[in-house]
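Just the one chain here, the form predicted on its own, laid out as structure tokens.
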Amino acid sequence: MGLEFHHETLGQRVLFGSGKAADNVAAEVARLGAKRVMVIASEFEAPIAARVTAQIEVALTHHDVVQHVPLETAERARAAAAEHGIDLLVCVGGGSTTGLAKAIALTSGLPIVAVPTTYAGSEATNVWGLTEAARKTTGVDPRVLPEAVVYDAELTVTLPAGLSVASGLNALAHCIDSLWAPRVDPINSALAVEGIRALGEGLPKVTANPSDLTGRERTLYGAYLAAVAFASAGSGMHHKICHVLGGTFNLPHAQTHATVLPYVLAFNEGAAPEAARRIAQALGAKTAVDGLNALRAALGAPTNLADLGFAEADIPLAVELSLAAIPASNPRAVDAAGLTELLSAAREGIDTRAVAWAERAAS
């Protein structure tokens, strides 16, 4: 049988250039003809946002940003946008900031110009997420895809080293999950593999010299590829688990993704040999898990969920909620026992080689 697949490419402008953020934001505001701009940025990111938006007229600045986008936070932002007659959203920050802009766009249809300061990747997807009553709900809607993304590696220099690592590994998770997600195809797989290669090259440079723009540009490029692949392929096992951990137990987003990733990879590796081969090749390693673990060790990545606040008593509920969300297309069948084993190992930080999921998956 010949090659056959269906692929959709999302339409979005990307403006990439170190030191060019203010110029590019001003150009996009002018291109879109916006007159009432709402700038969304956390208090921490406020100085960066002020610099990035210095060349435009701002009608409203909104700092009420909370991770995992609680519904009540979204409702306040939506009301503020409506009250001020906003016609364009400019979000400056990480995934939580972009997520809040998406929550406004979801109900208003307002266009977004996203200016990322981390490697979260939300800016390049049409995926939204909201948390209500300790449950995180995600969906796909064309209204939330930013009209344009302005990438400037200089804006990531102030990102603390630990968060740079966690955010970069979150981007790597987008790549790896895309290789077995529900809508995986040759195009998003190619983007994912190139993203893995770029992140594997860029992140060690960022940790070795945080002010090195070459490493940060490479990492930012990889994060964009990761997000585009993820937007096309859909959310796989890794992301479904992490959405539960974040939304239900309020674990920090990037650090949770960085910690869970090697366990999901070890769980699926034996049942997805071609994906594993390509991951290993992109990381310059003999096996995918070896390559990821070597990179994590070099970066000083977070090692266990217990340090992030995940208790042993939380495991049964996390297993129940995750099982209901994990796609049936996952390369290896997932049951309660296997997922309990995975989350227990991730909570304790057990070496993935000691669990030997790959051998059992292949048997």
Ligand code: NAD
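Everything numeric here is computed off the predicted structure, so don't read it as measured data. All residue numbers refer to positions in the sequence shown, first residue = 1.
One more form of this protein exists, namely the form predicted together with the ligand; it is left out here, but the text below deals with it.
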TL;DR on 103-111, 253-261, 182-190, 217-225: the one with heavy atoms within 4.5 Å of the ligand in the predicted bound form is 253-261
Do heavy atoms from each of G95, L155 and L159 fall within 4.5 Å of the ligand in the predicted bound form? yes
V334, L321, L295, I48 - the one with a heavy atom within 4.5 Å of the ligand in the predicted bound form: I48
Residue within 4.5 Å of the ligand in the predicted bound form by heavy atom, from R278, H238, K136, R197, is K136
Close approach of T117 to the ligand in the predicted bound form, 4.5 Å, heavy atom: yes
Would you please decide whether T125 lies within 4.5 angstroms of the ligand in the predicted bound form, comparing each non-hydrogen atom pair? yes
So in the predicted bound form, does Q67 come within 4.5 Å of the ligand, heavy atom to heavy atom? yes
Should F267 be counted as a contact of the ligand in the predicted bound form, where contact means heavy atoms within 4.5 Å? no
Could you pull out the residues of 171-196 that have any heavy atom within 4.5 Å of the ligand in the predicted bound form? H174
